[in-house]
Structures are given as C-alpha cells and as structure tokens.
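Consider the single chain below, provided in structure tokens and representing the form predicted alone.
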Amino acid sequence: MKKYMKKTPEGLKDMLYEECAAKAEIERSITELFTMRGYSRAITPTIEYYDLFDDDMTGIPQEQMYKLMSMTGRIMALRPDMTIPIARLVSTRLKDMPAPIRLYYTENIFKVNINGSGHENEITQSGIELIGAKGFCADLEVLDMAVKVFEKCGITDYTIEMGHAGFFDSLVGGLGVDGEKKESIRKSIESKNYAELSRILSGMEDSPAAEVLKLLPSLYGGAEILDEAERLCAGNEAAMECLDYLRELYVKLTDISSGSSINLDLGMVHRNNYYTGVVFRGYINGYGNTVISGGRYDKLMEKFGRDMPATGFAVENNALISSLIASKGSRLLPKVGAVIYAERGYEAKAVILAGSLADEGCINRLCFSGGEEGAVSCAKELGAQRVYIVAEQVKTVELR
C-alpha cells in the first residue's frame, strides 16, 4: 500500500454525519438571508488563472496559493478568495448590467497555511458583494446583514468590530514614508505589536500623526474611543471625517441591532491597498479565529476596467458549523421513522414501500438480515417507531 493512500493532505479533512448536517443547515440559513435581501447567487470556477490573484491589490502572498499547470502551460491557482473572481465576473459577463449589482456565493476557497497554525487549508465561505453602491445606506445594509448572519445561524454570543481604512491612511499619509514602511506600520498595528510599532516610528516624535499611530492598537471599545481619537486628531480634517462617519454608522447599527455586541477598533487596518473605507470583523466569543471579515473596497473594480464602488463580506462557515455542532450535536442528524425488512422474494415490494414512505416524508432504512427480530433491534437502536416486515402481507410492528 502506498504511503499516502489513507491520509488526507495537510490542512484538509473529511466531513461526516453531524458535520455534514450542520454544514447543510448553516448554508440553508445563510442562503435564505441573502436571497430575501435581494441577492442572487454566483458560482465561479474553482480553478482560475494565477494572474487573477497575482497583484499587490489582492494582498494574498503567492506562497499561500495552491498552484498547478494547465494543458497549455499556463499557471493556474485554486481560488484563495471569492471577491476577486466576483469582480472579474462583474466586469465581463455583467458588464452591461446597471448598478447596483447584488451577488452572493457559497463556495470553497483554498489557502496554504503554516503547519500548526490551527487554520484549515480548505474553507467553505459564504458572502455577499454589493457592487456599484456607495454611501452610508449601502455600508449600513452590509453591516446589518453581517449581524443577521450570526442571528440566523442561532449564534447569540458574538461581537462585531468596526474600523475605517481611511483613518489609518489619513495618519500615515502625513509621515512621508514609502510603501514598504507603511506596510510594516500596518502589520505592527494589526498584530498590536507595540514594541515593533514604536521602533518603526522612532525618530518621528515631532509628528502628531506618529504619536496617534503609536496609540492606534489601544483605541478599542465603544463610542468613547471616538471621543479620544477626535481629541488626538484635532486639525487632521481627513481623519475627523472618518471618525464622524464611523460614529454615525456605530449609532445607527447599534439602534437597529439592539442587544448585539458592536465595538469600534481603530487599529483594524487589514489588507493594505485593498480596503478603502469602513472595515469590520465578526467573532464568536470563545472561538479564536475571525468568522466574518469585510468592508468597502472602492478601488478593486477599476483593476478590471470598470470603476465602481463596492462593499461586502465573507463568512467562514467552518466556524459556524463547529458552533452549531457544539450546541446541537447528534440532534442535527435526521431521525429515522421506520425500518423495513423483506422476506426472501419480496425485496422489490420492500423497496417500493421504502420509496412510498420517503415520498410521505418518513425517513426509513432497509434492514438486510436478522429477520423480524433483527429489524426490531435495528429500529430500537435508531430510535425508529415502526417496523415493516414485508412478505405476502405487510406486517407492521409499532415500537414505543
């Protein structure tokens, strides 16, 4: 036997029973939410040309992509992201469709993660893209739908965190640093690495923007952090505009999502050159990884020759699946209502009965051995309430 015949590749796994049932329930709930809010499904190829993702705008390191070669010698990639293929789709097949365009998806993405990182390499993502819509109402719609994802999936202990990519840009833009140093500052803020951030900004003590950037990782909480940020950024008009916009969004989202945990995080600065406005993340309390990630990305579509504003988010369904299994467990599995056993020569009759019961909504199983006693034993094990013994006449055994 070959060494890897019984192994799955690193970062990948099989799914069975409760996991499959939970996956179906999560996807059904999310699909209903997206459909009822006017979004239409889009399906893109699992394999795309590598060129689609090989751009500074995407923020996806090439070493995180699964790459393969086509029959014509072109480099291909298993998609590591869904927003970029949707942008390609909108700029080609939907190039004549008037804005706004509302699309949703539920697909698998593939990213190579470092062994031991705790991340899976194949993840089912669901998400929406609202393309061609700008302004406050569009941002509020997408944020509200992110909250509703948790609620539709039965998650009550969650947190939504909001930030603004423009706030970081308004501060770092006045430092006169190059792109490489800007990215180093961003990464230090994102990881809340105060020591590294202080080291990078050393020598800029006279810059008010540098002093605010040093504090950015700590500007997390409720509306009070906006008051603090406004005090620190007095005189920076661009920064103040971002803070005003965030404040209004925070107030309105809190009003329409009463009881939800909504926080502000001015140190949320993920994906340099990708997000341009409001950014947000969603977490299930007690689960370490990000569950929802999204925001406004008004510059991406121009890369495809169709300059349009856009916003959206992606959901890591695997996290919702784990949460649902933890709360429901075996109750996710369908309950068998009947067991059928066929005496020799009456197998076809039993199969017809199985089909009829299924059409009536009764989940059933055929029992292939053990006679009536074996069928009853099987039914008790499955929790079925009825046994059918199929012969010249059909005998029904009711179980309590």
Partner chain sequence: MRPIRIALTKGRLEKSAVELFERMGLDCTELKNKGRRLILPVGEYEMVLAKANDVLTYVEHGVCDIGFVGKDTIAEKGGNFYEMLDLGFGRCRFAVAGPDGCDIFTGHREMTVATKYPNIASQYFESRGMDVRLIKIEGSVELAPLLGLADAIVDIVETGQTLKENGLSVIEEIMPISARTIVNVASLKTRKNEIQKFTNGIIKALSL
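Positions refer to the first chain, counted from 1. Since the structure is predicted, the reported quantities are computational estimates derived from the model, not experimental observations.
Absent from the display: the form predicted together with its partner chain. The rest refers to it.
Engineer: Going by a heavy atom distance of 4.5 Å, is E224 a contact of its partner chain in the predicted bound form?
Structural biologist: It does: once its partner chain is placed as it appears in the predicted bound form, E224 has a heavy atom within 4.5 Å of it.
Engineer: Answer for Y287 alone: is it within 4.5 Å of its partner chain in the predicted bound form, judged on heavy atom distances?
Structural biologist: Yes, Y287 sits close enough to its partner chain in the predicted bound form that at least one of its heavy atoms falls within 4.5 Å.
Engineer: Find out whether any non-hydrogen atom of N193 is located within 4.5 angstroms of its partner chain in the predicted bound form, and reply yes or no.
Structural biologist: Yes - in the predicted bound form, heavy atoms of N193 and its partner chain come within 4.5 Å of each other.
Engineer: Check whether S184 has any heavy atom within 4.5 Å of a heavy atom of its partner chain in the predicted bound form, and answer yes or no.
Structural biologist: Contact with its partner chain, no.
Engineer: Exactly one residue in E161, E141, D169, E151 has a non-hydrogen atom within 4.5 Å of its partner chain in the predicted bound form; which is it?
Structural biologist: Among E161, E141, D169, E151, a heavy atom within 4.5 Å of its partner chain in the predicted bound form occurs only for E161.
Engineer: Name the residue from F110, F304, Y250, Y283 that puts a heavy atom within 4.5 Å of its partner chain in the predicted bound form.
Structural biologist: Checked against the cut-off, the match is Y283.
Engineer: Among 306-314, 129-137, 214-222, 75-83, which stretch sits within 4.5 Å of its partner chain in the predicted bound form, heavy atoms only?
Structural biologist: Only one stretch passes the 4.5 Å heavy-atom test: 214-222.
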